[in-house]
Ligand SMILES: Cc1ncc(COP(=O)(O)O)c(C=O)c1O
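Given next, in structure tokens, is a single chain: the form predicted on its own.
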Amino acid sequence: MSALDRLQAWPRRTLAHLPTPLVSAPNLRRALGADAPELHLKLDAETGLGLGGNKVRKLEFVLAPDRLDGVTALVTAGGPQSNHCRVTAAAAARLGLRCVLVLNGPEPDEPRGNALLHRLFGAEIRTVARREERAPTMETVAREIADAGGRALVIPVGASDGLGTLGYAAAFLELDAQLASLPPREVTWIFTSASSCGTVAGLLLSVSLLDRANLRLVGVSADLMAFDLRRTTLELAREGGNLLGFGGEIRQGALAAADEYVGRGYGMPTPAAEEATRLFGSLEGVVLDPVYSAKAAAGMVDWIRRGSVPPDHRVVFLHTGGHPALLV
């Protein structure tokens, strides 16, 4: 069995509403200039579960039925407004499991956005002061659950490990089939947000499995330096490839990492991200979030305006969701 066959046959749990739409963005394209390339939006904000987003696809693999045998609780971690924690809590509610979220930062007086949804979905919250405390606290919670007679499945931040990358390896197969129905272009560029890097790593894995020489992936950082983003992406892509028995090379040349749109730091607004949010909303009726997708969109807008993408190429913006953060 080939690595591609193993990916398609891998056990998974149906959680997402698939396929998500691939839609043309002609108004935005016109606004970006006469030489703007063909532009499409892959709307993974519409995966459905718990208000959707990219984490749903990862959890389909992480929460496959064979991995939940005897499990009574899901334990994971993130920031106070974590999209991953939101969707994990929603999945736990649907599956009838306890959910414990380890969140760094103080307990909010009036939870809003994702912080509100974490609690609405029934999650128990453990707060820690710093990011570095999240992993050991998750292990402590898992031991407490075991001592009480239960069993916890500990999910890494963002569900970004080798298994989680398979969610976006499979997503690329879906996107590839949608692109096949469009007129051919010499090169297709895919822009997406990157932080824990599981999404862009999964895309890169499938680009490598299919040996697509006409694909370029641009991971636009929400927090990491470009060197770290690239290193983590390649590590995760290789981990996912090892699970599938992939003996080929990961196509490093297909990956670009952009960190110049982070601004003052993670979750901090930038003028370029705010402009991208207005453009997407007013021209295409698409809602971005201020932490991830708005900065990724700012990167895409800048690359197109600067002519970094030739006009006869195609651009796809992979929208990873996260709009509850707008309501904070």
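Residues carry their position along the shown sequence, with the first being 1. Predicted, not measured: the structure shown is a model, and the values here were computed from it.
What comes next is about the form predicted together with the named molecule, which does not appear here.
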Taking the partner as it appears in the predicted complex, which of 147-155, 247-255, 118-126, 198-206 has residues with heavy atoms within 4.5 Å of the named molecule? 198-206
Would residue 58 count as a contact of the named molecule in the predicted complex, using a 4.5 angstroms cut-off between non-hydrogen atoms? yes
If you check in the predicted complex, is residue 194 within 4.5 Å of the named molecule, heavy atoms only? yes
Interface membership of residue 83, the named molecule in the predicted complex, 4.5 Å heavy atom rule: yes
With the cut-off set at 4.5 Å between non-hydrogen atoms, does residue 160 touch the named molecule in the predicted complex? yes
Across 291-308, which residues bring a heavy atom to within 4.5 Å of the named molecule in the predicted complex? 292
